[in-house]
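Form predicted on its own, single chain, as structure tokens, below.
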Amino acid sequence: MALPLADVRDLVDEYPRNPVIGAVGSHSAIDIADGAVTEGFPSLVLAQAGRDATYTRYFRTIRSPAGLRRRGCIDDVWTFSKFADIASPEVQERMRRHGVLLVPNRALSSYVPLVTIESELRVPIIGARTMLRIEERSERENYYTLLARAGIPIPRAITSPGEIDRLVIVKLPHAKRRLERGFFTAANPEEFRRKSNQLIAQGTITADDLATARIEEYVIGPVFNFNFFFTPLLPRSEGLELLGVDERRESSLDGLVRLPAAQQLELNEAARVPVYTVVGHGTLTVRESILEDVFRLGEKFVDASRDAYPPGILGAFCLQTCLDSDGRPTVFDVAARIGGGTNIHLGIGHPYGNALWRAPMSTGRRIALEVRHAIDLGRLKEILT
């Protein structure tokens, strides 16, 4: 059972005027922390032992004798033996005592069970707590059902391997690194069987995950991840913002496509099957004649989310798309929280966010600015779940 919205929002009645903005130490944590300190909030990273040096050493805040930040953006780091410990009652009480507002990233929903986030994590979240579950493709109600309800174009689903009659992509998690992808492509049933058996033998995927994998038509076109922001603090007609666009860098896929075809064929058979592990991101802009279609997608998503998951999407979200040769977008993935590629804009801002706000506006800074505006208006509870 989900935590009552009013109960979570009422927790901030005991919070200080200047709350702490926190995030799990992975994914977009540096962007979140940089945005927090830019807007005058203390920042906190919840890190895992053995993966904490980035935050405890290299981006840790260094202050002058007068207490002013001189370098870095990570004001405080709490380190745990494993990420899941974040949800323990003791840590939750500690976060509330310090006045922490938690920004959800993919690491939070991957390392802490969704049912725990929904029903036991009594810490205010900046964003849509109940929408994190739609990212799980195995759920009956997921982002595909929400996109279809909104009238947003999505790739055609293939119901079984035997019905593959065109190039498809098979979506399932990596067997060992659950945060990563075990994706592969196939053009016919025989190729599906051959590649899946090979990947199972390599330990890249499991038979159980394969049984519930999403098979969909492979949309040919460049990938554009549109980083949106929705604020309930403005009239609905002014609430949607496009901050910026990124693209993924995937290993070993990107390395393979840099090789001429003749050299690809010289690789052993296993090496020819690309791995879709995201290892970085790049920045993009989109042709301006396409922007209206992009905003239309965002508006439809916001409206559908408000109907299906009240109060709907709050703050940052990302629609991941392919654009066809006519510039028409198809949405193939959704992040109902800050996306994975926003670190490319920390400090310098997103191109479109900068144009809108007349200042460097990264996603992390936009989140912190929303907190600042909400506090000034006496409406902080409206941006929390």
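No experiment lies behind these values; they were computed from the predicted model shown. The first residue of the sequence shown is number 1, and the count goes up from there.
Absent from the display: the form predicted together with adenosine monophosphate (AMP). The rest refers to it.
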Original post:
Here the chain is shown alone; which of 174, 281, 106, 171 has a heavy atom within 4.5 Å of adenosine monophosphate (AMP) in the predicted bound form?
Top reply: 171
**OP:** State the residue from 276, 78, 309, 83 whose non-hydrogen atoms include one within 4.5 Å of adenosine monophosphate (AMP) in the predicted bound form.
**Re:** 276
Subject >> Proximity to adenosine monophosphate (AMP) in the predicted bound form (heavy atom, within 4.5 Å), stretch among 48 to 56, 330 to 338, 66 to 74, 30 to 38 >> reply: 330 to 338
Original post:
Should residue 183 be classed as touching adenosine monophosphate (AMP) in the predicted bound form when contacts are defined as heavy atoms within 4.5 Å?
Top reply: yes
Original post:
Does residue 223 make contact with adenosine monophosphate (AMP) in the predicted bound form, using a 4.5 Å heavy atom cut-off?
Top reply: yes
**OP:** Check whether residue 295 has any heavy atom within 4.5 Å of a heavy atom of adenosine monophosphate (AMP) in the predicted bound form, and answer yes or no.
**Re:** no
**OP:** Determine whether any heavy atom of residue 112 comes within 4.5 Å of a heavy atom of adenosine monophosphate (AMP) in the predicted bound form, and answer yes or no.
**Re:** no
**OP:** Heavy atoms within 4.5 Å of adenosine monophosphate (AMP) in the predicted bound form is the criterion; list the residues of 305 to 327 that meet it.
**Re:** 320, 322
